[in-house]
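Next up: a single chain in structure tokens, the form predicted alone.
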Amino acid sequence: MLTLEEIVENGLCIGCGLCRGIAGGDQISLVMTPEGRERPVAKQPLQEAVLERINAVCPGTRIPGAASANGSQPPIFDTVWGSAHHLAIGYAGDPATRYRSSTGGILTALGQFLLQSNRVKFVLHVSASKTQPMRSERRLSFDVASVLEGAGSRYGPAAPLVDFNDILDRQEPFALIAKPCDIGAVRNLARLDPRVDQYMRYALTLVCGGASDLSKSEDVLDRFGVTEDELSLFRYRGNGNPGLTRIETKDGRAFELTYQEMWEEEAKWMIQPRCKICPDAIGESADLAASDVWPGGGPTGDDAGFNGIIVRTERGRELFEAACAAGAITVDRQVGFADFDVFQPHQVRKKRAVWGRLKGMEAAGKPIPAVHDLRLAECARQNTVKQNLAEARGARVRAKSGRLGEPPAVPRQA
């Protein structure tokens, strides 16, 4: 069993906030660290039972595969991409939602449809902070306008599960739209708390490229000579696909970057350590996952907005079909797993690399997450022995040097 500090300092924490949601704000606080990461800090020594529960649900210590079967077996399977009921390319039926959202608006449209059809009482997701626009905060949306207000990717730290126990205490049906690691954390909790399956009716996710440190966004501000307290808007994507990163200040200045300009230097992506060993960036534990559909893995220009859609579970299939029938989403065409290999080649490379990376960390004497039902060894067999050795050796070196870990979590100076 790892302490909270060991989870953080070994680079296993992603800042989902579930540990605080379990222990409560009187025992754990979330701080923004100097590195630009939201991390938990124990206010007092945690009781062993609380720490055991955190270890059982933390997506840095336990990473689950597909959600429990709730219907017929998914009919299609791929070693890298896992199981699915359906694969398609589509977009939000409402043109305004499609335009406003970061890609084709599928997750936003589904969140709106769930509320309109009374399948859920509210949607738990993240959106830009109203007081600190560069930062993200968890939001409960009870109407379609609020869901749309939260549309758009948030490339930075976010803790959607920070008060998840309180959300379950509401005893109301809801949907969760969050990163795959957040979904995995909640699936872990469902093994211990029956309220999760009782009240969380749908779990929707994105195919994730990783969560950046807040420092990535601060670098963008530095480029334009803007400070965070001057901001009135920080939008990463949207208003087109992928749309522009747009910054607005309280005194009326505005600055923009293309997606390519924002992400042109991979060395400056500032992806959090946990993301580099993520075995489920493709959302296998969700009911439905949505992705970008850029051949080769990156956009060549703006388009009207399209999502890849991976329907993971029977519950996701029912939602997908109902949303299509209601016009909430529009299917452009059916696709196969080979198409996703083309749209998301980096996800294929990463899935094949994770087994070696975890073996390298283990060889360095570092703790690694317990991974279940994600076929990592089978994916690694698609590599050459040389490729797997390179991944393992590289991870071992980085782990020994501390580059796969983090400093102790302390709040940054104001």
Ligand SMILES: Cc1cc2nc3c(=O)[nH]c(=O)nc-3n(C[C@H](O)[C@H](O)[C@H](O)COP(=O)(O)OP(=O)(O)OC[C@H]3O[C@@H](n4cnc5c(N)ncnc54)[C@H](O)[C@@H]3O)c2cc1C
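Since the model is a prediction, treat every value here as computed from it, not as a measurement. Note that residue numbering begins at 1 and tracks the sequence as displayed.
Quick note: we don't show the form predicted in complex with the ligand, though the next part is all about it.
(request) Sort through Tyr202, Tyr155, Phe234, Phe122 and report the residue having a heavy atom within 4.5 Å of the ligand in the predicted complex. (result) Contact with the ligand in the predicted complex is made by Tyr155 alone.
(message) Can you pick out, from Lys43, His372, His346, Arg381, the residue that has a heavy atom within 4.5 Å of the ligand in the predicted complex?
(response) The residue in contact is His346.
(message) Quick one: Gly104, Gly150 and Ala290 and the ligand in the predicted complex, is every residue within 4.5 Å by at least one heavy atom?
(response) Yes, the whole candidate spot contacts the ligand.
(request) Decide whether Thr108 counts as a contact residue for the ligand in the predicted complex under a heavy atom distance cut-off of 4.5 Å. (result) Taking the distances in the predicted complex, the answer for Thr108 is yes, it comes within 4.5 Å of the ligand.
(request) May I ask you to state whether Ala178 is within 4.5 Å of the ligand in the predicted complex, using heavy atom distances? (result) Yes, Ala178 lies within 4.5 Å of the ligand in the predicted complex.
(request) Please check if Asp182 has a heavy atom lying within 4.5 Å of any heavy atom of the ligand in the predicted complex. (result) Yes, Asp182 sits close enough to the ligand in the predicted complex that at least one of its heavy atoms falls within 4.5 Å.
(request) May I ask you to check whether Asn307 falls inside a 4.5 Å heavy atom distance of the ligand in the predicted complex? (result) Heavy-atom contact with the ligand at 4.5 Å: present for Asn307.
(message) Among the candidate stretches 214-222, 96-104, 327-335, 193-201, which one is within 4.5 Å of the ligand in the predicted complex when only heavy atoms are counted?
(response) Result for this chain: 96-104.
(request) Pull the contact list for 308-325: residues with a heavy atom within 4.5 Å of the ligand in the predicted complex, in sequence order. (result) Sequence-ordered list is empty.
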